[in-house]
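Quick heads-up: it's one chain on its own, the form predicted alone, in structure tokens.
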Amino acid sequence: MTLEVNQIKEYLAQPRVIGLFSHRNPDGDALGSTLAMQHLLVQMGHTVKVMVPSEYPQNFEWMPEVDKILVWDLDSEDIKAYTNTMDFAIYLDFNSLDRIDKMGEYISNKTIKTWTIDHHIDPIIISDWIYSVPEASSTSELVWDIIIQFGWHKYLNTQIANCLLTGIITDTGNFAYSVTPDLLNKVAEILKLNVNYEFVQNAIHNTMPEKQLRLLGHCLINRMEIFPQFQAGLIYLDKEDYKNFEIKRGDTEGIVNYLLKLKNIKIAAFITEQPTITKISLRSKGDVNVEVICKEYFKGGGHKNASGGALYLPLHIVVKILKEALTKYNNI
């Protein structure tokens, strides 16, 4: 969907009270795209708040202004108060209001202008403006495109660059997929904005607490299964693991990707059994489309090479369903 550049620029020509929203369990792209947009809009004279349903992982605590984000699970009253003054909402990195949980229910009835910026498949959000590009590597890439297409180059700075680079790095698996010559050209321009690339990479990937590394070892030694007939692998965590390792949000980030390091594995699954729900994350190599599996079997979705879902079923049933799905889609 194309950008309505003139309409949006005209609307933003006067100061607005703007809410930037992204999805539950915000990842690097959710944080990168919203924070970059915040830094941009504040420079333009707008009042801006970033709001998400739940807390962000520890390895993103370094990001500029991340500590100012309002989290519904912790700050619901502050979010309600702010959204009551808001006249513009921008939805970033999600394609349905149910991805922002109760926050979505609260703001859905407000009479305000809305803008959706996203790269997930099949957006079902009703917005005044929608910029949806499923082929894009990340929503952060789309924010870069908006800045360039709108002629907002003068607002570009190191803060915005760090945020956008974080979103692109994380949503491409550290440039392992969704990489094109066009994307790399954009990254080259971002790096010109006084970015310390080594610092950003270390901040994202090399700030793991000891507990998290021990959890990874437990997963690889005790919770890994390989299904050679499907060229697939599984890592799972049960309720006892969550208790024994005191697992918190962000502690399991990236574990699923270790399966894809194996030569003959094309599909990686990570299943976590939580108090009332069992979640699954799927990753794949090359042309293997795991998004279709998540949509059909796990009430989820996402991207071709990275998707997820969840079921209100015990762990062993979800594993059984996964094996059924792999049997059907063995040649996807």
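The first residue of the sequence shown is number 1, and the count goes up from there. Just so it is clear, the structure is predicted and the values come from calculations on it, not from any experiment.
Unshown form predicted in complex with a small molecule; subsequent notes refer to it.
Using a 4.5 Å heavy atom cutoff, R99, R283 and S307 all lie near the small molecule in the model of the complex. In the model of the complex, the small molecule lies within 4.5 Å of some heavy atom of K299.
Within this chain, H120 lines the site of the small molecule in the model of the complex, having a heavy atom no more than 4.5 Å away. Although the partner is absent here, K279 is a contact residue: one of its heavy atoms lies within 4.5 angstroms of the small molecule in the model of the complex.
Within this chain, H303 lines the site of the small molecule in the model of the complex, having a heavy atom no more than 4.5 Å away.
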